[in-house]
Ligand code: NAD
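There is one chain below, alone, in structure tokens, taken in the form predicted on its own.
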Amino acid sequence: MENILTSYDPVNGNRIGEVEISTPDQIRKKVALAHKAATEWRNLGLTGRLTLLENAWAGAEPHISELAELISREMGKDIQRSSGEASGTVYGGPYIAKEAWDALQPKSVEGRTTIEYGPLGVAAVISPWNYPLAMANNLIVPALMAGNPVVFKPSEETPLVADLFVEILNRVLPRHLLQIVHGDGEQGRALVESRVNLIAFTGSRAVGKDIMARAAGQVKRLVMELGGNDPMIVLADADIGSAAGFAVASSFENAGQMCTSTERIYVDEQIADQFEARVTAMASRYKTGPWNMPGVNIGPIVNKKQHAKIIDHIRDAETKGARVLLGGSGQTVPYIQPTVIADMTPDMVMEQEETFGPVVAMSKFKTVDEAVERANDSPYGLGAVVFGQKEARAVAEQLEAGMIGINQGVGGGGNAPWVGAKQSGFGFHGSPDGHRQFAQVRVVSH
């Protein structure tokens, strides 16, 4: 039926379930209902909202295993990773809410002026399939804490787990405070063009640009993370074992379907042979298979379109002279075996665009300046990593990225923001400053 969205298991293509696709009229009505719910939610105040959010997320605790299995069944992630995402979402919700509660407290300035953080209106949250609960949670919670009702559109690849999560939360939350719409880009565009006041989006750069254009007419508030093509630089004095271990783990995390996966690795030619050998040995120990098979750490690729894109990137590298040390382009749906590519060059697609698959792509450099230039030669700037000793900090300072790791991954600790540079982000979330982007600042003087 035309108005039904069916979710399929990427392992075998079997139907898992279905939801009704939201019509434009239904989307407008949901947004109107959200506006009606705004006054009561605002009047609860920060502490009242915090209490309800804590209770709602606590109600999801008995459903962690159910949510985890549904993540795996819809997008293929192995059950260990799905369990981590589900539990992190459920237990992380109250943490984010309390952090936002702190960040949104009124602040007195010189005793006669108060800075207040009030609601913006109705928030549209549009989230991706690769972390269908975690990414949504990071946007929904601060939006609600700031006093904004939320209309949530999950990815069409993972509608069932989002639907279940919202249904569980709504057993506690006030009516029409958190609503869900289903569909693909058509429904996303309808939501963006509706009477929402804030759009919080995680997804591709192309869709982000389209959202910006559609939001411009009404100057809607935007908080967007638009992916990356993250580089890694390995200096001559790096700990080769640690660097190789990170390179493989980062490139293969979630089958490489992660916005901060390492996509491009530039290795000093003095240690390149050792590094390549260590990476290949480590990568060969990874196991692909269904999400519920013991020992699997690379699940299936989410769909045929994404699988074909990864194969195209690998084949392009092969035809342009890359050395294939493991895996390669001769792979069929739904899996991509661990693949290691050496001698990546700037004209290869995988250097220019994110592959978003379990591929380690490496290239040698003669000088540090060359490595930095290639690392920065991208419209993206989400994350970047450098491994080394003497010059590592100096190199890190030259990298054009919102999050940079020195001898470790990106993301920071504590309440650091999740932020991209260049075309990887518009606004940011996480941290007190990030939470305040979901609020309207009011300066009241007396």
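Only a predicted model underlies this, so the values are computations on that prediction, with no experimental measurement involved. Residue numbers run from 1 along the displayed sequence.
Form predicted together with the ligand: not shown, discussed below.
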Sole residue of 387, 418, 57, 41 within 4.5 Å of the ligand in the predicted complex, by heavy atom | 418
Within 4.5 Å of the ligand in the predicted complex, heavy atoms considered, which of 252, 117, 266, 356?
-> 356
Does residue 156 reach the ligand in the predicted complex if we count a contact as any heavy atom within 4.5 Å?
-> yes
According to a 4.5 angstroms non-hydrogen atom cut-off, is residue 321 in contact with the ligand in the predicted complex?
-> no
Wondering, does residue 228 line up within 4.5 Å of the ligand in the predicted complex on heavy atoms?
-> yes
Any chance residue 96 has a heavy atom within 4.5 Å of the ligand in the predicted complex?
-> no
Counting only heavy atoms and a 4.5 Å cutoff, which of 189 to 197, 159 to 167, 79 to 87, 359 to 367 contacts the ligand in the predicted complex?
-> 189 to 197
Would you give me the residues of 171 to 209 that have any heavy atom within 4.5 Å of the ligand in the predicted complex, in order from first to last?
-> 183, 184, 185, 188, 189, 192, 201, 202, 203, 204, 207
